[in-house]
Ligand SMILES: Cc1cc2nc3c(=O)[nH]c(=O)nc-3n(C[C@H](O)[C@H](O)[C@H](O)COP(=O)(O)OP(=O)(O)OC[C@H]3O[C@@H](n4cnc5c(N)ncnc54)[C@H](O)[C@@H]3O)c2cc1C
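In structure tokens, one chain follows: the form predicted on its own.
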Amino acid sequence: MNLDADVLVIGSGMAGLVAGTVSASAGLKTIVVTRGQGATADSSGALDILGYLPEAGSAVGSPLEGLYAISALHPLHPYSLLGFEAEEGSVNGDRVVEQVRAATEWFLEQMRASSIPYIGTLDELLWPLTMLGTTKPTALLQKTMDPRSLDEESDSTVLFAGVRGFPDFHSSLAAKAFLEARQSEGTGPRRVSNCTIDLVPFGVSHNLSAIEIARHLDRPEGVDALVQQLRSSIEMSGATHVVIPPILGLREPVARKDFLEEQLGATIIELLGFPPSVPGVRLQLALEDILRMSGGTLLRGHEVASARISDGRVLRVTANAPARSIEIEASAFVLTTGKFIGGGISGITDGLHETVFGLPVFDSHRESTEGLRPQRLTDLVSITSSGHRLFGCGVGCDETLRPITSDGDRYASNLFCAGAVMAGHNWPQEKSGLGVALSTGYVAGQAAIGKVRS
């Protein structure tokens, strides 16, 4: 069986779905091929642009400030490639910010039309509450997680509500950590308390997962049960704000938040969850819906195993499924297979390898990893402020987001890269993962359009 497309995107995480949607929205026949669910579903759902500079111990003042600093200090970072000027041999920070801002505004517009609108800008960091009662810097956040009213209302009373049988969240410990942090800062709220509520999704009240609870709350009877459970605790505590795990359904969380606030007379705030999380699944589903509505095709269950290259161009790829193999021809290709979770980069005893085209893998300093065991790219300390060299490894790209060979030459004129598969960013340390995926996916989609139409 053979298929053809104008643009073929390999991988269905944030980068792949953004690149595919941009291409399909321009009227090009676009196929996104993926072996399974994209890794965006395994994220927290928060969209980090940049929280920390590489090897820095404190957060940036704003994503905007961080982008300018990255442009000046790290020319091989994926963000810097968006503003690299070949003739000058330098990075234009204004161009980097322009590209990232365009991608961000595009994303916010897409999300406003979906069931999970986002808040945030490049001009300031948001500090959502986590399941541990701590905070984390991010740029864009699902509206149900908006923490700003806690800072604006210093006389508030905050109730942390856990769910019996849900082991990922302990409301008493989170409330204690939150209160201690606020007291050390000399800020509100006036009072913090906690409670445990009983929800019985599908007749089960133990070893619950967030997904099970969210599916339960996608049904009217589930939301009604949550209202009844919370009402008595709110009346007893006088809570003005109720903080809950990220469980408000998979498809219409804002509608559920609004309904709860109307019924209970308190502000409802979802916490930032541990990956994989309900907000991550929401984001994945929303992006897939947007791709389809733009006219793109999502081909799931097919793993790209090989490619045909001729005269510096990718002609076609072969994708395998359990019961068949298909060949897909396209004019332009975008590689967005991710790193280790997505399977785009694999590590064996003789080094790291890109799994589709056999591209060489570099570290953040554009040094080859050939022959290096993956263990040699990690630190002896598991958690370190400088991160692990391993997570900065990936495919090297030029300023057009085309992958390069070990000699520095372009691998193919019609192949582009985006997202975690790219070298040069240590996303766990920088808090930049989905931001890089969004920005490079957006630009790669535009580059693919240009290639098809040239």
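Here the structure is a predicted model, which means the values were calculated and not measured. One rule holds for the numbers: they count along the sequence shown, beginning at 1.
Keep in mind that the form predicted together with the ligand is missing from the display, and what follows is about it.
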Problem set entry | Residue contact check: residue 136 to the ligand in the predicted complex, 4.5 Å heavy atom | yes
Exercise. Can residue 341 be called a contact residue for the ligand in the predicted complex at 4.5 Å between heavy atoms?
Worked result: yes
Exercise. Residue 289 near the ligand in the predicted complex, any heavy atom under 4.5 Å?
Worked result: no
Problem set entry | residue 188 within 4.5 Å of the ligand in the predicted complex, heavy atoms | no
Exercise. With the ligand left out of view, which of 62, 413, 400, 37 would have a heavy atom within 4.5 Å of it in the predicted complex?
Worked result: 37
Exercise. Any chance all of 14, 302 and 434 sit within 4.5 Å of the ligand in the predicted complex, going by non-hydrogen atoms?
Worked result: yes
Problem set entry | Listed range touching the ligand, judged in the predicted complex by heavy atoms within 4.5 Å, from 22-30, 46-54, 392-400, 62-70 | 46-54
